[in-house]
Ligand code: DP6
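For reference, the chain that follows is the form predicted on its own, supplied as C-alpha cells.
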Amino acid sequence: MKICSATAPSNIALIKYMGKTSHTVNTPANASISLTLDHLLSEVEIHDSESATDSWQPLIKEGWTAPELSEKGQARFLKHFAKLKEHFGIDGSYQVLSANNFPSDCGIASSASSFAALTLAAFELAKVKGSAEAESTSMKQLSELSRQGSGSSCRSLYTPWALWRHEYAEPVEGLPADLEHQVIILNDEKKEVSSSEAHKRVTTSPSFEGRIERAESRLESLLTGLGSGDWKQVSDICLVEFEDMHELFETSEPSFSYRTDDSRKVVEMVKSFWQENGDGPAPTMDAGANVHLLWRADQALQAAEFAASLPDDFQVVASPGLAGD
C-alpha cells in the first residue's frame, strides 16, 4: 500500500558542475547555475513492505517511463534512501518505486530529478511517521541531503533558477522566470560512461587546469547577461561552457565522448540560425548526446521554425509554452 509520494523536476546547468572535491558526498569543484525544467519530472512512491530489507521496483504509470535500473543503480538509490531514513529516524523496510516522464541516463539529468524526488518522498514519509527531525528540516537542509545522493539533484528543489556552490543549492532571484526549453533527443539509450565516472576522468585532462577559474568567470558573466537581458552574451557563454566541458571528456585519460555527428550538426544549425537571424536560442549540452535549447518567451515562433528545420528523425521535447498546448 502506498504511504506517500513526491515528484521533482530535472534541471539543466548553464555553468556546469564537473569535477568534485569529494566523490563520497558530491561536493563540487566549482559553482554551477541551472534552470529548472518543470515539464521533465521524476516521481517516487514509497509503499509498505513485509520484506526485511528495502527494495526498488519501476513505477508503472501511463505516459511515464519506468527506468531500467541496474543492480548497481538500485543499490545506489536504496543506499541514499537508507541514509535518509537514518537522518529522519525512520524504522522499518519499504518498497520504493520510481518513474520519469522522459528518457533516463542519456543526458537529461534523470539522476537529478529522481534523487530529488526520493529525498522529498522520504521527507514526506518522515512526516507521516511523526519524525521530530522532519519538523525542523528546511529546504536548504533537504538540498544538502539530496546532494549526497546525486550532486545536481540539490538544484532540482528550486525553481526557476538554482545556484550551487558548496554543500547545498539556493534559489536565485532577479533572473528571467519565463524562459522556454527544448531538448533535441538524438540518443535515448543509456550512456556508456556514467556522469559519476565522467567526474573522475575529467581531472586527467590537460585542459582541467584552469577549469575552475574559467567556470567561475563565466558564471559572473552569465549572471550579468541574464540580469541585463543581453541574450547574445547569454547564448555565447552557454555555448563556450558546454564545449569546454565536452572537450574535457574528449581529452581525458582514458578519453571518451558523448557528442555525436548529430549533436555537432544541431549545434552548427544553432550557430547558423544566429547568423541568419541575429537572434536565436541559448544552447547547452549535459553529459550526453542530446542538445538543450533555451528560448525567451517572445521567441516561440523562432523556436517552432528551428524545430521544423530539424531532420524528421530528431525528436523534440519542449516545455508547454513551445509545445502548442
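Note that residue numbering follows the sequence shown and begins at 1. Computed from a predicted structure; not experimentally measured.
Absent from the display: the form predicted in complex with the named molecule. The rest refers to it.
> Using 4.5 Å between non-hydrogen atoms, is Phe306 touching the named molecule in the predicted complex?
Close contact is absent here: in the predicted complex, Phe306 is far from the named molecule, nothing within 4.5 Å, heavy atoms only.
> Using 4.5 Å between non-hydrogen atoms, is Gln299 touching the named molecule in the predicted complex?
Contact with the named molecule, no.
> Whether Asn26 contacts the named molecule in the predicted complex should be assessed with a 4.5 Å heavy atom distance threshold; does it?
Answer yes; at least one heavy atom of Asn26 falls within 4.5 Å of the named molecule in the predicted complex.
> Is there a heavy atom of Ser111 lying 4.5 Å or less from a heavy atom of the named molecule in the predicted complex?
Ser111: yes, in contact with the named molecule in the predicted complex.
> Is every one of Ser196, His199 and Ala287 within 4.5 Å of the named molecule in the predicted complex, counting heavy atoms?
The answer is yes; Ser196, His199 and Ala287 each reach the named molecule.
> Where, among 152-160, 124-132, 172-180, 85-93, do residues come within 4.5 Å of the named molecule in the predicted complex by heavy atom distance?
Of the options, only 152-160 has residues within 4.5 Å of the partner.
> Name the single residue among Leu226, Ala215, Ile237, Met245 that comes within 4.5 Å of the named molecule in the predicted complex, judging by heavy atoms.
That would be Met245.
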